[in-house]
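First comes one chain, alone, set out as structure tokens in the form predicted alone.
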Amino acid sequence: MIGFVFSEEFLQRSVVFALPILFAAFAALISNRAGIVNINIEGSMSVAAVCGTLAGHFSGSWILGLIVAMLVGVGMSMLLAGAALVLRTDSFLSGIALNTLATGLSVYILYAVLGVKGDSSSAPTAAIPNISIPILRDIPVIGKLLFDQSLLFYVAILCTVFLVFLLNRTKLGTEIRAVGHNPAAAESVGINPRVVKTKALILCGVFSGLGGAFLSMSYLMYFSAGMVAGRGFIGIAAEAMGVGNPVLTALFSFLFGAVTYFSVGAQTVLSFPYQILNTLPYIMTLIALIIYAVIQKNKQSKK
């Protein structure tokens, strides 16, 4: 088992399993920084996944499929914005409602377009390409990890840099942090909290769309009902452990991805029942949230 955990394949596959979690975590990060609890990420990823793969199939273009997935992710976020910011509903409860809607909506879209309810394997999509760099991919240990991955792996790296720059070096980033910390104080200096939160939710939708597109256009070449499988919620846990820091959030997303791949890959190595191994990502999520809650409670008690 030691050889399995420290193998080149384990590192590479851990990144693959981490990518949808990472995009979900970035979506949670930008919305939380703006002061919005967004648990609609899971549902946004699901609807974006089905719409992206169908657009890619009928157009024959992975670029169009990716764009559609991001637009659908933004659309789902705008539904939350309309409910929470315009109608003044509770964002948490609105997120639950939208997740419930997304579960049925994704299957309905699949059935309305293809006449099937399980998956779209009969209509494979145009795949987001892998980037494989000759010579560099043959470097021991890190070659395939860094130089033989999906295009969205490199997009994720750029997104990490973008978020660091956005939150710490731009006016919008300052406004997002100000609104998330104290909306009333931000409004007193001329910042419109509703506009800033809407902008944050647009970015949140883009990240959700990227996560959904990866699942249905790179990890698999088709949409399958339930394929998001809690990755949106695991991403929220990764963001919580990263305490709003994009780099830490990325590292914890990789950790969750490694645990998720271990639960799958170790089924051929260990003699444990696969049902127990399949629970590891969710146990890890629970432990992470407990640790985060304890840390936050200790911080508050010291104030």
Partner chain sequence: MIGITKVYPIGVVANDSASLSVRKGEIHAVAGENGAGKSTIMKVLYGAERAEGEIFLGGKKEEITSPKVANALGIGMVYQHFMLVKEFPAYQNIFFGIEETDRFGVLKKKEMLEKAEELCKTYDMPIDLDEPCGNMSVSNAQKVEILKVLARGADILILDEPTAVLTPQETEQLFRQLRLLKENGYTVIIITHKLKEIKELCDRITIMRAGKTVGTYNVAVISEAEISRLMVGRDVATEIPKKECRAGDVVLEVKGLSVKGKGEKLAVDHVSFRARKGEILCMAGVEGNGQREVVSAITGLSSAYSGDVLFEGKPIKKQRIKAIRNRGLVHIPEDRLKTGCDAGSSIRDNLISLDYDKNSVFGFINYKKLNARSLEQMRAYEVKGSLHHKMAMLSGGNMQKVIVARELENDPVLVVADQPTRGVDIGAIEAIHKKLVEIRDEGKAVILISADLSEVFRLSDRIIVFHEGKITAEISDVSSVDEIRLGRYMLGLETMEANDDET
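Keep in mind the model is a prediction, meaning the values are calculated, not measured. Positions refer to the first chain, counted from 1.
Beyond what is shown, the protein has a form predicted in complex with the partner chain; the following relates to that form.
- With the partner omitted here, the stretch from 168-176, 146-154, 207-215, 123-131 that lies within 4.5 Å of the partner chain by heavy atoms in the model of the complex is 168-176.
- The partner is absent here, but in the model of the complex a heavy atom of A185, alone among A185, L136, V195, M78, sits within 4.5 Å of the partner chain.
- Residue contact check for G190: one or more of its heavy atoms lie within 4.5 Å of the partner chain in the model of the complex.
- Of the residues in 204-226, none comes within 4.5 Å of the partner chain in the model of the complex through any heavy atom.
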